[in-house]
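Okay, here we've got a single chain as structure tokens, the form predicted alone, with questions on binding and movement later.
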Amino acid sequence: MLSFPEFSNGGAIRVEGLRDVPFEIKRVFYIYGQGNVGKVRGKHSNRKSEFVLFNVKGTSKVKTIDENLHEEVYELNEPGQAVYLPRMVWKEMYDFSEDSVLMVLTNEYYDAGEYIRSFDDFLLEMEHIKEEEAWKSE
């Protein structure tokens, strides 16, 4: 989890690329509204993009699955707390409160071709990456 600094007078959070997040911010988007209550968003991995996610309002959860199939769930319920997701991590966002505004920062411009939208394809690509790394280390 990351923690963003709060201004001294409270009620305001500062987020700066290459300081508070480990990359230059190239894209910002958010998931909001009652239409997301009960839905699971994301359900994909990215070949190039890294992400920082935080709720500026309300609450949500983020489930991640890494290359070793280790699963982690983060509950985002404070504007100053965030989760950093490196590239090639499966992500699912869910359990949105009615007032949730989940802000997402990323290091890449949108490119539909870098998304892996099937969990089975994600597993295959991760296996291929592991095989390449093992081959390179020999």
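Start at 1 and count along the sequence shown; that's the residue number. Values in this document were obtained by computation on a predicted structure and should not be read as measured data.
Unshown form predicted together with ligand TYD; subsequent notes refer to it.
Selected contact from Leu105, Leu76, Met93, Leu85, since only one has a non-hydrogen atom within 4.5 angstroms of ligand TYD in the predicted complex | The option sitting close enough to the partner is Met93.
Partner-contacting position among His128, Arg14, Arg117, Arg19 - heavy atom within 4.5 Å of ligand TYD in the predicted complex = None of the other options qualify; the answer is Arg117.
May I ask you to check whether Ile31 falls inside a 4.5 Å heavy atom distance of ligand TYD in the predicted complex?
-> Ile31 belongs to the contact set for ligand TYD.
So, in the predicted complex, is Lys61 in contact with ligand TYD at a 4.5 angstroms heavy atom limit?
-> Output for Lys61 is no: heavy atoms all beyond 4.5 Å of ligand TYD.
Does Lys57 reach ligand TYD in the predicted complex if we count a contact as any heavy atom within 4.5 Å?
-> Flag for Lys57 set to no.
Using 4.5 Å between non-hydrogen atoms, is Lys26 touching ligand TYD in the predicted complex?
-> Judged by the heavy-atom cut-off of 4.5 Å, Lys26 is well away from ligand TYD in the predicted complex.
Which residues, if any, of 41-75 lie within 4.5 Å of ligand TYD in the predicted complex when only heavy atoms count?
-> Read in sequence order, the residues that approach ligand TYD (within 4.5 Å, in the predicted complex) are Arg41, Gly42, His44.
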